[in-house]
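Encoded as structure tokens, the following chain is the form predicted alone, with no partner shown.
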Amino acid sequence: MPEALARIVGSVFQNPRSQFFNLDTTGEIAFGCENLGLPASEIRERVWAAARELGIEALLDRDIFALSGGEKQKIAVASAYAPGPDIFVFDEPSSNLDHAACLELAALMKRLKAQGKTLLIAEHRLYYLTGLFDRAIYLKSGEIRRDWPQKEFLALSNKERADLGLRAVSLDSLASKTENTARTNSAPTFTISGLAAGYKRGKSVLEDISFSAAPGEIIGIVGKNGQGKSTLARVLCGLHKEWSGSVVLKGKPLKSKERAGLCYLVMQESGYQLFTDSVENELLLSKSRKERPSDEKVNAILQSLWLSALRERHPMSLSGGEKQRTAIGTAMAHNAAVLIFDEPTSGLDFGNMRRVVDVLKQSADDGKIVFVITHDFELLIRACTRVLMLDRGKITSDSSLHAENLSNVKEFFS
């Protein structure tokens, strides 16, 4: 029975916001205990015990929506912990986290394990779990196909893991050089100068952002959570108005409203931009019949993203990875000059990550300017030829991604 399972199993979702019911962190941690009908004094004791034992006392009595992605995930763990379950189920817990937050999550999991808790972790990003898991269970088509002890799983070669569709188990195991060379000799046509933006007057998120981009480039944008990457994407697409600065495309300065249609954003939480009743209709959705892609183009996009069998499915019935690929397909169907992908491999396995790489490269070959906001080092080295690093709303580095400076980028992810 579900009510019986709720007392022994705690769940932590892929997106912690989807399991929040309260506006403050303390109330959220208490919520599960309240549903069990525990006395108020015991609930208070359990909330403080959870915060203390998980090392998150500083997160109590906070606005839950003002937290970073990693902090939200910690609150989700604490809310599952407070009722006292013996088993924890994690569903893609790292998909929206930067590297530092992944390591903090792993430390939290190690605390649970040290307390004798059982952890079941459904995950594609494996490197941060090395040294934590005892067994690796491989699922395919709803069946358990392999069950490795930790030592045997870590002994698999890169090729053996890739053939199974699995990600790398360490950043050091990845290729020592990128797979990419410069994809364009074109002159820059997209110029951003002195861009500043924020959400409250006097508190900027972006400051003096300046760079140029040329058709055919695939530019990675990296930085820790909360450094302004998604805000930059929203400003470039006209979804958020800048405070100052300019955005120029092909010599024409563009106001924020003029960028819609010329710049297309695939959001990190792709469910927010799926509107129709089928995958196919998402690709056909446009402002006018004249701008709709041809049937041939739609079929090619569906096939390239392994969505052909899902073309009649309602987007809200898809898995997280399938929704992500559908949103990417809508971007491919648009004729926008600039495409921006915000964490396009969130929740994707190795095989689908490689398909996204192919989509990015095809878009660049078609003359698009492509930006990729990502925490995924595997994606970065396979797709991008240039990297912008953001820190506290400023560009701290703008460099080509090649073997000579790959170590600098890798250091950021390490």
Ligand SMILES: Nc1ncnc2c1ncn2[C@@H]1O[C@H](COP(=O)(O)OP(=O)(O)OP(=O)(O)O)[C@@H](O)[C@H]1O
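In this text, residue numbers run from 1 along the sequence as written. The shown structure was predicted, so the numbers you read here are calculated from the model rather than taken from an experiment.
One more form of this protein should be noted, the form predicted together with the ligand, which is absent from this view; the next part is about it.
A.B. asks: Pick from T26, S363, N352, S68: which has a non-hydrogen atom within 4.5 Å of the ligand in the predicted bound form?
C.D. replies: Exactly one residue meets the criterion: S68.
A.B. asks: Can you work out which of Y272, Y138, Y199, W243 has a heavy atom no more than 4.5 Å from the ligand in the predicted bound form?
C.D. replies: Selected option: Y199.
A.B. asks: Given a 4.5 Å cut-off on heavy atoms, tell me which of 364 to 372, 31 to 39, 60 to 68, 380 to 388 is the interface stretch with the ligand in the predicted bound form.
C.D. replies: Going by heavy atoms within 4.5 Å, the stretch is 60 to 68.
A.B. asks: So, in the predicted bound form, is V205 in contact with the ligand at a 4.5 angstroms heavy atom limit?
C.D. replies: Yes, V205 is a contact residue.
A.B. asks: Can T330 be called a contact residue for the ligand in the predicted bound form at 4.5 Å between heavy atoms?
C.D. replies: It does not: once the ligand is placed as it appears in the predicted bound form, T330 has no heavy atom within 4.5 Å of it.
A.B. asks: Given that the partner is absent here, does G226 sit within 4.5 Å of the ligand in the predicted bound form, heavy atoms only?
C.D. replies: Result yes; G226 sits at the interface with the ligand in the predicted bound form.
A.B. asks: Residue-level question: is T189 within 4.5 Å of the ligand in the predicted bound form, judged on heavy atoms?
C.D. replies: T189 lies outside the contact set for the ligand.
A.B. asks: Suppose contact means any heavy atom within 4.5 Å; which members of 74 to 89 contact the ligand in the predicted bound form?
C.D. replies: Contacting residues: none.
A.B. asks: I want to verify one pair: L132 and S68. Are their C-alpha atoms nearer or more distant in the predicted bound form compared with the form I supplied, knowing the change is 3 Å or more?
C.D. replies: Farther apart in the predicted bound form, by 3 Å or more.
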